[in-house]
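Take a look at this single chain in structure tokens; it is the form predicted alone.
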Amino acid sequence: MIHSLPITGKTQIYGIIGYPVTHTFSPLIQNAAFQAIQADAVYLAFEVHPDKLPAAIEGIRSLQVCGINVTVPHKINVVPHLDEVTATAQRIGAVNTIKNQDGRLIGTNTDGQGFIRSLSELPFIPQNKTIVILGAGGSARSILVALAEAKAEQISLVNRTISKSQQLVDEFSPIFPETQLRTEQLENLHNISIDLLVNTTSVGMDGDKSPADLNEFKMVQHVADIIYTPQQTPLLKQAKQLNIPCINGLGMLLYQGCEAFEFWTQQKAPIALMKTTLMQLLK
């Protein structure tokens, strides 16, 4: 059941915008959460062509939609259309969640905090730790900001295009002076002890290739791969073989949704129910 209460003129509308958006799990997860707290609210998916994004944002105001998730390809382009953006979202340069507060649209980004919360499943606390991030795209950016905000001691970025990772280092080093940020080649990290290795690339999504060979490292204490389909990437399979604690991207997906729910409602998300709903969708 999507909505446990009768839909009336008072029913609040939430949703997600993206292009395409038909594949999203968010409506089932968020509607289950609204039902759990007996909220008179419904969450829908809205496919918005990039050319129609400004009109869609005005529609959120005009129709008094209470909250919106933002997914590909709108996360960056939506920012100029909002009235306010949180400090974290400003640093990342992208928004994935919008709250309509009396016609004032406030944007935030829950991806990085969703990742941090997922680390509790290892368990792992980033403070004073040495971390390696594979990739330099949008996900790497949000995760880098979250790890630096969590006081990681050192973060090394590994990317095929070195200029992309160096750009992130140059941008964020002045913002996070207490965290040592640097660009590295993977082979230069083989002889150091790594507290957490994070894969933010799409390598492994085909179930065939791995972005790194864990046997080549002196020590990797924990592994996180933000891919969740398949749930067991080659990197995670190897980590399990080597008895390295590891997680896939399901936790990040779950907790960024929980963060969004809490941003909108100011209520604690029903995490267990949202997790069960997500796992059923992936069966």
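Throughout, we count residues from 1 along the sequence that is shown. Just so we're clear, the structure is a prediction, and the values are computed from it rather than from any experiment.
Here the subject shifts to the form predicted in complex with a small molecule, a form of this protein not shown in this document.
Here is the short version: of 108, 100, 113, 159, the single residue with a heavy atom within 4.5 Å of the small molecule in the predicted bound form is 159. Note on contacts: among 164, 190, 81, 151, the single residue with a heavy atom within 4.5 Å of the small molecule in the predicted bound form is 164. Residue contact check for residue 207: none of its heavy atoms lie within 4.5 Å of the small molecule in the predicted bound form. In the predicted bound form, the small molecule sits within 4.5 Å of a heavy atom of residue 140. Taking the partner from the other structure, the small molecule in the predicted bound form has no heavy atom within 4.5 Å of any heavy atom of residue 179.
Residue 201 belongs to the set of residues with a heavy atom inside 4.5 Å of the small molecule in the predicted bound form. Considering the small molecule in the predicted bound form, the lone stretch of 132-140, 91-99, 182-190, 116-124 in range is 132-140 [heavy atom distance within 4.5 Å].
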